[in-house]
Ligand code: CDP
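Single chain ahead, written as structure tokens, the form predicted on its own.
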Amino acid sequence: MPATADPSRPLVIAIDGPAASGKSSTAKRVAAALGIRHVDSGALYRAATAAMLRLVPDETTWTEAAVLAAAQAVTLEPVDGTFRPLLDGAAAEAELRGVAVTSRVSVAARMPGVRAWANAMIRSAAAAHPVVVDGRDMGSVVFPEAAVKVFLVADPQERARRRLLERHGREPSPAEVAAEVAELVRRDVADAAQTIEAPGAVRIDTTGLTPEGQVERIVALARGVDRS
């Protein structure tokens, strides 16, 4: 049975899963294949973390109120089929993807007020545009009415290999993979409360799937949605 969506609302495709499961890269490609926009929820948490780091480098002293205040410097700019976070009106992609932000983003993302802020930003972006959104609770909390809900999983070793390949542009060594697996396991524990498989989500194990195969599966689900 194809899913049924409210034709009065823009289409939402929600892709969830743990860190490095391929959510963001898959979501971007699905959005491009369907000719709609991509919203990367993780980029918002990274932007809030980066904004806070500029003010207070020691994350052990962060409070929810302080992170929310820092996050007021974050805006979303529609560009090239996506929404790019800006810090004080300027792009900061390298800063957002750097080690300092990556190692601290879970601190901000665990704060309920920060999650509410990010969710409001995402809903606003999706209000007037059909979108593909990715994160950890997009289908369960942010868009429970999403026409398509997907939960991506993959073996930790493969997740680690993919992340390092993207980071360094080469196949990683076994030692590098082992270190990255340890970091991913730490992230999984830290993010467990937010990594939720939504009711009705289609679970896709991407361990043995090519990126093209992942995209094809989700595009097929989207094209099967009844919009009447």
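Since this is a predicted model, take the numbers as computed values, not measurements. All residue numbers refer to positions in the sequence shown, first residue = 1.
Beyond the structure shown, there is the form predicted in complex with ligand CDP, which is absent from this document and is the topic of what follows.
- The contact with ligand CDP in the model of the complex, taken as any heavy atom within 4.5 Å, belongs to Ala19 out of Ile218, Ile204, Val12, Ala19.
- Contact with ligand CDP in the model of the complex, defined as a heavy atom within 4.5 Å, is made by none of Arg37, Ser124 and Val150.
- Heavy atoms within 4.5 Å of ligand CDP in the model of the complex belong, among the stretches 73-81, 109-117, 124-132, 86-94, to residues of 109-117.
- Ligand CDP is not drawn, but in the model of the complex it has no heavy atom within 4.5 Å of Glu176.
- With a 4.5 Å cutoff on heavy atoms, Met138 counts as touching ligand CDP in the model of the complex.
- Taking the partner from elsewhere, Glu197 is found to have every heavy atom lying beyond 4.5 Å of ligand CDP in the model of the complex.
- In the model of the complex, ligand CDP lies farther than 4.5 Å from every heavy atom of Glu171.
- Interface residues of 175-211, taken as those with a heavy atom within 4.5 Å of ligand CDP in the model of the complex (partner not displayed): Arg187, Asp191, Gln194, Thr206, Leu209, Thr210, Pro211, in sequence order.
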